[in-house]
Each structure stands twice: as C-alpha cells, then as structure tokens.
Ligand SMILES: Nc1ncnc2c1ncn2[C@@H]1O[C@H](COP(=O)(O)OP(=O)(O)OP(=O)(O)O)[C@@H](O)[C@H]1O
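A lone chain, given as structure tokens: the form predicted alone.
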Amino acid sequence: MSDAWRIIEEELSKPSLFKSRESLMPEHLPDKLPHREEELRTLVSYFKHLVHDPGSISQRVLIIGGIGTGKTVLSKLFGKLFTRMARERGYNVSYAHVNCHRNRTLYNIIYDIARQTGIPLPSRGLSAKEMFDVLLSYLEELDQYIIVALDEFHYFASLSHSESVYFLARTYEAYEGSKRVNFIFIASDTSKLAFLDPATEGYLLRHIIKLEPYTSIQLYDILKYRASLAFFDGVYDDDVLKTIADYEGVDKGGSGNARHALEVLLLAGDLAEREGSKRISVEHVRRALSGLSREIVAISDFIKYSSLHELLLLLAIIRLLRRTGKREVRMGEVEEEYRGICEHYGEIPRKHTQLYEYVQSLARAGVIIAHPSGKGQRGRSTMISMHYGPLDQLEKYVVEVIEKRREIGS
C-alpha cells in the first residue's frame, strides 16, 4: 500500500464534525432568515399584486445594504417561496436572479432571464431590445409573470450606457398592455447610483428596503441557527458563537457582516477537524480570525466572476504596493509588474487599452482606487491604490484563485 493511499484512507476514516458543511457557505439558501423577517414582509407587500391583480403594474424595488447584510439571500428566499405560493394559488409566476457582475451587458441580462425561465431565445442575431420583445411575447403566450432580481446592479449601472439602465428601470412607463416583468434591484448603497440621471434615480428610489449591518446579538442568533444545521450535536458551545458575534457585530466595532461571521465559523470547524479535535474551541475561532481577513471576504464576490487576466492585474497591483511600501503606484509600473507575472505563468499579456478597462472595472467594484495623477507630478498617469489589507493575505488568496482558475483552464 502506498503512502498516498494510506493518508487518504486515514483521513476518510476520521469522523467529521460537519453534518452539512454547505449550510455555512455563502451560496447556501436557508429556510429562514433571523432578523430579516420585517424586510421579507415588506418585500412581499410590494409584490402582492401578482396574486391579487397580476399585470396591473410593473413593480420596481431597490434593496440596499453593505456586504454580508443579507441582500442576496433575502431576495432569493423571497423568490423561491413567493413563486411557489403564487403557483399554488393558480398564478404562473417565476423568479430569475441575475448577477450583473457576471452579466455585464443588457443583452446578457435579458438572455440570462430567458435562460432561467425556460424561454428559448436565439443566442445571436437580435439586439437587446428585440430580445426583450421576444421575451415579452413568450410571457404573453404562456400567461406568465416574472420577478427579475438584478444583483450588484450598481456595477451594471456604472458600466453601461444610461439608456440601458433607463430601459430596465422604466420599461413599462408608456405600455398599456399586461405588465409581466417586475424587478428587484440590489445595490450596496444609493450613493453608487448617484451618477444616474435624476428621473431614473428617482424612479429607482420609490420603493427601498434598506438592510442595516447586524448587531452582535443578531449575529449570534444567525450563527446559532446555521451551526445547528452544519454541525453534529456537542461540537460547539455558546462561547464559540459569541466570540465570533462579538468580533463582527456592528455594536462591538465590527462591520456587522454575517457572511464573514459564517466563514469564520466554517474555518474554525475545518481547523478543529484537521487537528482531530472533537469540539470547536474559542482558540480555533481566534486562529480562524487571524487567517481570514474581512477584506478577503469583501472582494471574494468580485474575484469569483473576474477573468484570469483581471486577476493577474490585481496580483500585480497588490505585489507592487506591498514591495514598494507606497500609498499608490502608477499605471505604467503596474503594467510592467503585470507583464512579469504573465511571463511567470506563461500567459500572453493584454494590451494597454484592455488593462485600462480592467483597472476601471476593479475601481467600479471598489477593489482598488484609481484616479488621474494631479498637478505637480511629471507626466499624466493613472494612480492606483488599495485600502484593503493585509496585503500578504490578499496576495496569497489571489494567487490561490489564479492557480485554481488555470488548473480548470478558464
């Protein structure tokens, strides 16, 4: 028997602390949302017309809140349960959740809506508005209504032409037929939409659900619920949960980020299991906190949908800032660092124009800060900085993501 076989066999024979590891993952959709009941109730009230007077209006609701306040999970749970109850009452209502970071154009958004609702659309040959007309025709023929959640809408709004945002926000304004498409716009805060024209901005701000950061008591309740799903009995105690909740609670100086709190609990469970411990201790939590920065959690969603060369450029920025110790670096320096990284990985570097677009994309997502060099500096350049840290942990994380991405050939 080989050593590798023996190691794998030994690890597989060890009992696990987890009964449902995925219950702590960011993409997990739980059956209930502690401390978001009122927001869920409000969301339902905005869409009641779909089971009382369907087609009478096209509703627009804006959900805003910081990272880890439950925007995405609130919308998804609402969509799952509301559409099921509507169908039980005889109304054909569907829900589509579109990530605007992954789908960065109006065309891709409309195509993804159709894909999720099972409506066949041609993949090419039509404009975005023609695609939407075909989508509406199918909905009319099927007597179907849809609720479309546009997640990270501020990213799409900052990237797209104003007419694309206007089209989504005010599609049915002059339409007299049955209104079959409704929207939930999800953004981090209203300031990210401030560049819109006043009419469109005002239209989006009519119905707002604002999610505040979680307090330590609220986070404790969330952790207790998720831990009961994730771990076997006797694996953790209240001190473990309270330590995480007190660290992250907005009333205790934290950011009130439930996602980060759950990731800390997951990592603490992994550390305990790797050591062969039968219980998760507060010390496991401390070690998890030291190894999982809030900043990594904050940019993980952006990284998830970024291209390989966006990640290589981000790595160049991190390494250059870390090595030089400067507050900000020039675009030219970043490009030189990026070319060296491409050489290391055997990748063909992108041209300046494409790299500049990547920089703008990173800046729009809030991962970096980019601005033109000011007066008194020799030559005109784009200056780049980051407020995230520690940079060594960020560098390690981005390198891991790059290497995994290259392994699967994307």
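Quick caveat, the model's predicted, so the values are computed rather than measured. Numbering starts at 1 and follows the sequence shown.
Unshown form predicted in complex with this ligand; subsequent notes refer to it.
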| query | finding |
| --- | --- |
| Candidate from 355, 33, 51, 370 lying within 4.5 Å of this ligand in the predicted complex - any heavy atom | 33 |
| Residue (of 73, 126, 135, 96) lying close to this ligand in the predicted complex, criterion heavy atoms within 4.5 Å | 73 |
| 69, 152 and 226 all contacting this ligand in the predicted complex, non-hydrogen atom within 4.5 Å | yes |
| This ligand in the predicted complex: contacting segment from 357 to 365, 34 to 42, 54 to 62, 344 to 352, heavy atom within 4.5 Å | 34 to 42 |
| 4.5 Å heavy atom contact, residue 180 to this ligand in the predicted complex | no |
| Non-hydrogen atom contact residue 284 with this ligand in the predicted complex at 4.5 angstroms | no |
| Distance check, residue 241 to this ligand in the predicted complex, heavy atom within 4.5 Å | no |
| Contact test in the predicted complex: residue 113 vs this ligand, heavy atoms, 4.5 Å | no |
| Contacts with this ligand in the predicted complex - residues in 243 to 281 whose heavy atoms fall within 4.5 Å | 258, 259, 262 |
